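Just the one chain here, the form predicted on its own, laid out as structure tokens.
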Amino acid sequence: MNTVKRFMGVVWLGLAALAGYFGLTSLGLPKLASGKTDDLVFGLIIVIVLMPLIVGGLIRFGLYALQGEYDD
């Protein structure tokens, strides 16, 4: 079971990378570059508030799982 938990740490780190990439390229940067005020506010909220929380949380869980913090 501990091996599965450590493998899931790698999965969490991969999800963090994917979330960061798609969050910036699909949501954040196109909204910032659109020129509309509504899109600019939405893009700033995504890039400044949500992306660090989401990516940081996934990285933190992944690193804890790889370090064995969830082992029995």
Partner chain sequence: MITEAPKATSNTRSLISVIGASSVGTLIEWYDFYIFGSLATVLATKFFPEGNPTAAFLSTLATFAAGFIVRPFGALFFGRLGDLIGRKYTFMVTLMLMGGATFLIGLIPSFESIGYLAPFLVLVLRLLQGLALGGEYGGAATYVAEYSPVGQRGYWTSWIQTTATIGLFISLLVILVTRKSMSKEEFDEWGWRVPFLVSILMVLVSYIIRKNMHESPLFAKAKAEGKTSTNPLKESFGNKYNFKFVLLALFGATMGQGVVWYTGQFYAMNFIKTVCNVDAIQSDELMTVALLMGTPFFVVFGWLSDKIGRKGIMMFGMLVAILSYRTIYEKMYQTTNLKNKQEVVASFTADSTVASDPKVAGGSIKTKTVTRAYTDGTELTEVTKLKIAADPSAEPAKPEIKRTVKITDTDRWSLIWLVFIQVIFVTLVYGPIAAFLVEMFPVKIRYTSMSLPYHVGNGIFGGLLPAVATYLATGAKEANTLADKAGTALPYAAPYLEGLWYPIIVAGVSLAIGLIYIKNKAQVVD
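Just so it is clear, the structure is predicted and the values come from calculations on it, not from any experiment. Numbering follows the first chain given and starts at 1.
Form predicted together with the partner chain: not shown, discussed below.
Although the partner is absent from this view, L13 stays clear of the partner chain in the predicted bound form, with no non-hydrogen atom inside 4.5 angstroms.
At a distance threshold of 4.5 angstroms between non-hydrogen atoms, G20 is out of contact with the partner chain in the predicted bound form.
Shown here without the partner chain, the chain has V49, L50, L53, I54, G57, L58, R60, F61, Y64, A65, Q67, E69, Y70 in 47-71 lying with a heavy atom within 4.5 Å of that partner in the predicted bound form.
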